[in-house]
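Quick heads-up: it's one chain on its own, the form predicted on its own, in structure tokens.
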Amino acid sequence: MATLALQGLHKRFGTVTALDGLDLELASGELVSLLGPSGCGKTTALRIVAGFEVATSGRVQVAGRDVTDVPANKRDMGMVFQAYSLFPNLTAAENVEFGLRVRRQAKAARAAKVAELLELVGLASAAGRYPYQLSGGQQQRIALARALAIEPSVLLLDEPLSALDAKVRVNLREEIRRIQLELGITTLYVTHDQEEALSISDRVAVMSQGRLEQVGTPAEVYRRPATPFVAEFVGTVNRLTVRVVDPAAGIVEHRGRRLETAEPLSLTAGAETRLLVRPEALVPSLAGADGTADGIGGRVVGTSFLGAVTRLWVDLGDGAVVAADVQSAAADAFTPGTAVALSIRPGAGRVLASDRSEADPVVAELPA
């Protein structure tokens, strides 16, 4: 039985449909991220689960119990907000203790629980500090400890890292995952940050316009996007115009060069479609001295340093610009103006039937 089940959730605000039949189940101890752009309905879904919003229709169940009409304070859920929401007149320890006081737990039990949780989030030494004396990352750790203090059956996190600096975000998301795994608590995590969702989730639920586009493991969502929206939103993707040669074998042709896709195609031979390829699946090599290329020929028109890898922006000569990644240690050979050949790792490309009508052959853009 799922610990948390969202069943056919609809939510309308006047003429605006925020949720359009959302179905999602979380297993016990699972961390699932609702990922999508602003306005896609992910926070609305979280607020309905928490009891802060009322669904137009649909049900919410926790461990098989229907809590759709149960008040928020009786749903046995912990919530961490984007803006920390700590009580400014209470110390860190008192903030963590707040929910236990409301539940009238014994003083000794409260003190032991607070000490345990402050230790868990690495802030035992900050117990007596007030929120204004803590950094943003520390405040969010206290907010997390406060949410966990009541030992909820479900933990809800609404963009908990978006107000923090980049390095603090990375460190804290790893801490959240460590704590979630250590406690084994079922967690629904809302974010618009794809890297954040992919790095900490057991499964990712990608949303667009109030609907689920795809639910899967981070690897499945990234490597096998179910829709063009998922392909574009989760990572960078190149779209190459190709012609189907052998549908059963998944063979397509681009500029006379045959390429192997990830799976058989439900298209007829000769049909034109789009091949979706991630930048890391395009392997660049230097073209011959005479400009010939054993692969898809092109010319480097820009580069973007991304740390361990450098992204090359390659003009294919027909108005299409694609992105290809190389190790930064080898990037000096691919300066702007360099003629290159691009090969595609076998099985790395993916064709989506719903993508056939789109006119733009590529979804890579030059850096500003």
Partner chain sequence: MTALTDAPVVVDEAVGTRRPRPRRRSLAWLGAVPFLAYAFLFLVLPGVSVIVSAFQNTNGSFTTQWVRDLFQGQFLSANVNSLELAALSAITGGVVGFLAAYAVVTLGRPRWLRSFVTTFSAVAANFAGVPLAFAFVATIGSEGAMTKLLENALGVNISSFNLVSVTGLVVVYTYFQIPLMVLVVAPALDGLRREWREAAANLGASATQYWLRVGLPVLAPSVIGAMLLLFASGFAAYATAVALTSGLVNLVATLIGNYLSGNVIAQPQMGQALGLDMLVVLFVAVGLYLLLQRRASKWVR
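Numbering follows the first chain given and starts at 1. Computed from a prediction, not measured in an experiment: that's the story for all the values here.
One more form of this protein, predicted together with its partner chain, exists but is not displayed; see below.
- Contact annotation for Phe81: at least one heavy atom lies within 4.5 Å of its partner chain in the model of the complex.
- Heavy atoms of Ile176 never reach within 4.5 Å of its partner chain in the model of the complex, leaving it off the interface.
- Residue contact check for Arg146: one or more of its heavy atoms lie within 4.5 Å of its partner chain in the model of the complex.
- For the chain shown alone, Tyr222 is not a contact residue for its partner chain in the model of the complex, no non-hydrogen atom being within 4.5 angstroms.
- Of the candidates Leu240, Leu86, Val190, Leu265, Leu86 is the one whose heavy atoms come within 4.5 Å of its partner chain in the model of the complex; the others do not.
- Of the residues given (Gln138, Thr186, Thr261, Gln214), Gln138 alone sits with a heavy atom within 4.5 Å of its partner chain in the model of the complex.
- The candidate stretches are 269-277, 231-239, 130-138, 214-222, and the one lying within 4.5 Å of its partner chain in the model of the complex by heavy atoms is 130-138.
- Residues of 201-216 are not found to place any heavy atom within 4.5 Å of its partner chain in the model of the complex.
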